[in-house]
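The chain below stands alone, shown as structure tokens; this is the form predicted on its own.
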Amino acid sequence: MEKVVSGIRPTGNLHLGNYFGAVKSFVAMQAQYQCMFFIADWHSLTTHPKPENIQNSARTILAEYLACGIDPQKAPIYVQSDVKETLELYLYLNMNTYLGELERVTTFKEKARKQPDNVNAGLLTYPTLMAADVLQHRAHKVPVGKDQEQNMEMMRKCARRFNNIYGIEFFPEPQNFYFNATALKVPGLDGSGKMGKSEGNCIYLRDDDKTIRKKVMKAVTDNGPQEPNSQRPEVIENLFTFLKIASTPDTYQYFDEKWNDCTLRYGDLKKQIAEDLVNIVAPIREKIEEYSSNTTLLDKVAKEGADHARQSAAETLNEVRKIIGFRVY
């Protein structure tokens, strides 16, 4: 059975972009693959969070994972920092990765532009830590969003380079896995291309019904269709993307026809989207509150997940040390 590994940075509550872009695929995969999912708290250090933020966010994400349907008996869930073996592999991968390659990564350049006073080494080597997270388990697939495609190529490059340097086919080259045929990018409500915490354009899985409706009704629109069967501008296409992922095909077709014959009312479209999103989020939110109140269960799930992950990573690291020429403990 193929191995699957993926994680999410604990930078607050999960939003619909996380859910449709990654977590929903996690749930679908756990019955078909040997899965492990983790909470990437080391990655969050690139933005210097406070200790209490790291601790609270890890439990928050864990509760949300469980509420979304990840079964830790099928797919262990662990906190990245509980698996120290990751750092050793991270070191080896950094030794084989070139500065120029890391500086050309688009996500590094974007983050450096957004936080010019905090362009740290961890930000630069983010792709190699991400590679260590996955390669330590010799995983075959990684559920990722479209924005991670370049980091995935860096991960495959790390695997190939290790194999080439030591003349051994040890690491598989992990492939991108998408829940749909292509990567799903959930748009922001402000008309931007992507839903994200830093952009402040999210619907969170903890949002109540009133908040969801309010956010959707404020979504950016234009003056409406001017000619029959015209192409939709990006801000309107974003709304139809929400309709596609949250509503029935018949509902999508109804509003698509309204656009094409120039009778579409944005108020009606937004109300439909809001109600369909409420129907998705409400049951998840209720489960999040239930799991969040049971810290004993959360800690138990995290410990069992870490034990499983450490055993998997230790087996890989023992082989890596042997291949490189270091003593095996």
Ligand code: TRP
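Worth saying up front: this structure is predicted, and the values here are computed from it rather than measured. Numbers follow the displayed sequence, beginning with 1. Only the largest set of C-alpha atoms that superpose within 1.5 Å between the two forms is called the rigid core.
Below, we refer to the form predicted together with the ligand, which is not included among the displayed structures.
Visitor: Should Tyr126 be classed as touching the ligand in the predicted bound form when contacts are defined as heavy atoms within 4.5 Å?
Guide: Yes, Tyr126 is a contact residue.
Visitor: Under a 4.5 Å heavy atom criterion, is Gln148 part of the interface with the ligand in the predicted bound form?
Guide: Contact with the ligand, yes.
Visitor: Is there a heavy atom of Arg285 lying 4.5 Å or less from a heavy atom of the ligand in the predicted bound form?
Guide: Contact check for Arg285: no, nothing within 4.5 Å of the ligand in the predicted bound form.
Visitor: Counting only non-hydrogen atoms and a 4.5 angstroms cut-off, does Lys24 reach the ligand in the predicted bound form?
Guide: Contact with the ligand, no.
Visitor: Candidate spot Ile54, Ala58 and Ile61, all three in 4.5 Å heavy atom range of the ligand in the predicted bound form?
Guide: No residue of the spot touches the ligand in the predicted bound form.
Visitor: Pick from 113 to 121, 128 to 136, 90 to 98, 242 to 250: which stretch has non-hydrogen atoms within 4.5 Å of the ligand in the predicted bound form?
Guide: Of the stretches listed, the one contacting the partner is 128 to 136.
Visitor: Only one of Ile70, Val278, Ala40, Ala302 has a non-hydrogen atom within 4.5 angstroms of the ligand in the predicted bound form; which is it?
Guide: Only one listed residue qualifies here, and that residue is Ala40.
Visitor: Is the shift of Asn18 between the shown form and the other one large enough to count as movement, that is, does its C-alpha move by 2 Å or more after the core is superposed?
Guide: Shift at Asn18: 2 Å or more after core fit.
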